[in-house]
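Below sits a lone chain in structure tokens, taken as the form predicted on its own.
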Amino acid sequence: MKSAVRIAITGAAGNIGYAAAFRVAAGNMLGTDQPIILQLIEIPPALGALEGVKMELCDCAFPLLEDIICTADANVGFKDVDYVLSIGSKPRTKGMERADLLSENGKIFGPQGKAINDNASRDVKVLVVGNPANTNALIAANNAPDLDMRQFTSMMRLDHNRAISQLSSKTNTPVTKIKQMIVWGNHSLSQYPDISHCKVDGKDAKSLVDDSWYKEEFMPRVQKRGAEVINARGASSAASAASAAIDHMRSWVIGTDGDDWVSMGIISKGDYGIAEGLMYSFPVRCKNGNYEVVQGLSIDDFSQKMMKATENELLEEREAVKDLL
């Protein structure tokens, strides 16, 4: 057996963290031959609930799970960790402006970035799930000066998976036959789900659907799917978000399949004309624990407009938190 790796989950007693912890412990993220140590982090008032999560994890008797650490101390929680699922964040409350939400979460993710910088493995891989995920990840990355900013990513895989699911349903095609989906930009209503390069069982996706369905039904539904889930179940996406986080990390660590790619929020280096230094979602291929932006894709005028709109929103968010970077 391999040596155990350490995985930190913040907000581990919350709905997404709870859903993620058991699948991580079962080997869904890193494989069924990889032993793990879970380092679960919560705020002090939630430590009682976190102890209950630990009890349940123990009661599952997962063969891969060597130890569980529960703490409210970020320095303890991130000590020597190899992977971070940063899930805990402050939710938006009634009357709160987006700028206020960004500022409040900056107070969480700035110190979190510093704690990761000071305590984690030098090869740590960080995925920020807590919303607003892109700018939260940007804040964390900027507060970890000893680490490469490429080690911080934000989750767009839920949007990517939602887009695949919607196209699968529309074309009556298994999700395994849908390749090269892209969701550009921000995890927000400005995101751009793009099927321009997508293949459905080898056929161009755009040739199989009406443009009106694509722009008037598909795109808004992917963009607003979170609200649709809330309206249906009275709570935000949890299991699907946890599943997407595991998918994101598995692709990053183990690699993407063949000529396929995935959508990941990463630090922009200027690809496709996107401003440098934004945490922006691009199509990426992963191999050997690294990722690279897919190059050479043709971008039509409509796509350019949509990509620029979500870039502008991220520029505004970055400006709103500039004192935290």
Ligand code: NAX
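Values in this document were obtained by computation on a predicted structure and should not be read as measured data. Just count from 1 along the sequence shown to find any residue number.
As for the form predicted in complex with the ligand, it is not shown, yet the points below apply to it.
Using a 4.5 Å heavy atom cutoff, T10, A133 and H187 all lie near the ligand in the model of the complex.
The ligand is not drawn, but in the model of the complex it has no heavy atom within 4.5 Å of T176. Within this chain, I108 lines the site of the ligand in the model of the complex, having a heavy atom no more than 4.5 Å away. Within 4.5 Å of any heavy atom of the ligand in the model of the complex lies no heavy atom of N75. Heavy atoms of I41 reach within 4.5 Å of the ligand in the model of the complex, making it an interface residue. Segments offered: 142 to 150, 164 to 172, 234 to 242, 212 to 220. Contacting the ligand in the model of the complex at heavy atom distances within 4.5 Å is 234 to 242.
Residue V129 is the only one of V183, L138, V84, V129 with a heavy atom lying within 4.5 Å of the ligand in the model of the complex.
When you look in the model of the complex, the only residue of I299, L30, A46, C286 with a non-hydrogen atom within 4.5 Å of the ligand is A46. Taking the ligand as positioned in the model of the complex, the residues of 4 to 20 that bring a heavy atom within 4.5 Å of it are, in sequence order, T10, G11, A13, G14, N15, I16, G17.
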